[in-house]
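Okay, here we've got a single chain as structure tokens, the form predicted alone, with questions on binding and movement later.
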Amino acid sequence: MDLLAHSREVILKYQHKSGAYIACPNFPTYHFCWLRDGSFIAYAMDRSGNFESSDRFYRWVAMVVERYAGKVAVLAEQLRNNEKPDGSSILNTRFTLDGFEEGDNGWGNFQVDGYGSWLWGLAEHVKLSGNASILVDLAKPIQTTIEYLKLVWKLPNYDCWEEHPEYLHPYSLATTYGGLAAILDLQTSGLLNLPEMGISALMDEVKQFLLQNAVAKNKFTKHILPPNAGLGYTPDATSGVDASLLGLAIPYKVFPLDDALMRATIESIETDLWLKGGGVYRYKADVYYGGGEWVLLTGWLGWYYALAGQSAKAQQCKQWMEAQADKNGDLPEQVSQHLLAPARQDYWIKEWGPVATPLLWSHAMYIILASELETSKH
């Protein structure tokens, strides 16, 4: 089977008429659209030339942001009054496919990374498709998103794995930086006209914040501890490395691929999280579905290798991903042959059923890696 063609087909098949990308059609808990997943999926569609698909997604995001834009003023008022943000003020991380909040069901919706991600992805869409006219239609939700990020970027919130709301997370901060950088680039090139919002200064602040508070033992940490007992923000040196830290270099470009801190972080990911001959774990203490190897993370590491000129390692990641496809060619979220916490696998199967398959984000990362490897040949 041509996995590249099948991956495109899976994504197009399960894109909702609204433009939203369902996370997984066969896994009820994932019958929503996450801005995080969707931004990578849309980028994969742009890399494969399916510009109409990604255009529909970004217009869906814009519609959602405009629908709930009133929350930003509520949030600003809460923060002025030293109140904790709540459901009346935070912009959710996932939405129904029609673009509505799902109500208060206990899901950890305060996750900021999707909002920087969609700005980054939109800018990539404009570059790859050449369609700058979309920016005229989306200027207002872009501005709303930036206003929101200015308010929330230093607040503790859930990480990209929807865990640990008590911390700040370098990956989430990287998405803020990457989204702002993407918008600034569009402004500088004259493609987007927004009022002065202090984007460049905020980018510098986010980057310095990471350097000051997210580094321990000469590499980036998984978490940042918020101020407590008279102490300011501090890196959590005990939490270990997390594969999402790849995002600080790719795609959000807070730091270059050859940055010394990034190299040390990548080395830790290789040592602690990349199974020899296998895939990439999220982090060592992972218990979700027993803590398996994640297909999309293996593609992400391969993406890094492809850009860093390490094509053999990138091909190794791509081949492992291909080997995980089922008889229909569908890629799962994770695989279970080498679990970190096997005693926890049954709990999740009983709770939510078999591992999510096909996961559209997994297929997207395969497309991105395959595209990057093809590009590196020329």
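Since this is a predicted model, take the numbers as computed values, not measurements. Numbering starts at 1 and follows the sequence shown.
The following text describes the form predicted together with ligand BGC, which does not appear among the structures shown.
- Three-residue candidate spot Phe40, Trp118 and Lys253; no residue lies within 4.5 angstroms of ligand BGC in the predicted complex by any non-hydrogen atom.
- The partner is absent here; in the predicted complex, the one residue of Tyr305, Tyr177, Trp294, Phe95 having a heavy atom within 4.5 Å of ligand BGC is Trp294.
- Here is the short version: of Ile11, Ile368, Ala20, Leu359, the single residue with a heavy atom within 4.5 Å of ligand BGC in the predicted complex is Leu359.
- The shortest heavy atom separation between Glu333 and ligand BGC in the predicted complex is within 4.5 Å.
- In the predicted complex, ligand BGC sits within 4.5 Å of a heavy atom belonging to Cys160.
- Contact check for Lys150: every heavy atom lies farther than 4.5 Å from ligand BGC in the predicted complex.
- Not displayed here, ligand BGC is approached by Tyr30 to within 4.5 Å at the level of heavy atoms in the predicted complex.
- In plain terms, the part of the chain that comes close to ligand BGC in the predicted complex, with a heavy atom within 4.5 Å, is 281-289 out of 119-127, 232-240, 84-92, 281-289.
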